[in-house]
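Read the single chain below, which is given as structure tokens and is the form predicted on its own.
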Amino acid sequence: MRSSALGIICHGGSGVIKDRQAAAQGLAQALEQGYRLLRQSARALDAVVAAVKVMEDNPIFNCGTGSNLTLDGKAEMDAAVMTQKGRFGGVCCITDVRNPILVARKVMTETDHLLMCGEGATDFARKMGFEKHDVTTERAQKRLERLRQEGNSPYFPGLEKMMKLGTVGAVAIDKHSQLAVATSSGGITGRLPGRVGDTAVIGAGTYAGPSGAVSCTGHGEPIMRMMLGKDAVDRMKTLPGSIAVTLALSEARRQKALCGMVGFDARGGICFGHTTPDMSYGYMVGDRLFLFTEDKKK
């Protein structure tokens, strides 16, 4: 599909959607916020950051306030932003901030670095004026406790556990036909402390280039091995985004990677797909809102 002028697409994570109505409502709020900015002539970067911030503040999503906990009960979060011109900023294993996506943008705009991690990222956030904020929720604590009681390996828990994936992302094209992407994740429940997923790894979960931009979601380790985001965008050099994403995900499926992605190609073509049973996503183009939270098997 093609966007007539400007548009935004968001995902709320792949895996198994427990509350479809809540996911749809959360996506709608994020999309409407991002699209409103695009209609006001904002840059694509402003739109995707605003959309992801909305989802970080919604505990239904696995990012920000809804983040999963590590094996030792901490919320370590990853986030990244990237523009079509190659500007990038990311944080990983950041703690005690409400909106990691805002810190990731500061890394891009206020430093000479691309990626900041752990205590350094959290200290940087404080210096940038972001107050301490505990994102731990009772829901996240219960998920971790259930995993501990089941007695399975918390780091390699098998496919059933890997279905409980999350991450949110947004890709937008503005009135100047410029693309930007933002992705934020709370990780997998019970992962080892310090584990970094694909979200903040340039070319893996977040990538934008002259031919397109995508945000990925799913099991981070295979996404990183495949450099899934860059693979899809590179295919857009010669193919429409929809075909490029289909081919990239076909390879992911062959490698049994549980993942999904959304994006735009440089011509404004909308693209999305997933190898998991579910992925919540939606987009706004031409002042129309489209939401998809149904099982692909139905």
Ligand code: ASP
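One-based numbering along the sequence shown. Everything quoted here is computed from the prediction, not taken from an experiment.
Another form exists, predicted in complex with ligand ASP; not displayed. Remarks below refer to it.
In the predicted complex, no heavy atom of Gly89 sits within 4.5 Å of ligand ASP. Using a 4.5 angstroms limit between non-hydrogen atoms, Ile188 touches ligand ASP in the predicted complex. Ligand ASP is not shown here, but in the predicted complex it comes within 4.5 Å of a heavy atom of His219. Put simply, Thr167 is close to ligand ASP in the predicted complex: some heavy atom of it is within 4.5 Å.
Segments offered: 138-146, 192-200, 121-129, 170-178. Contacting ligand ASP in the predicted complex at heavy atom distances within 4.5 Å is 192-200. Contacts between 57-94 and ligand ASP, taken as any heavy atom within 4.5 Å in the predicted complex, involve only Asn62.
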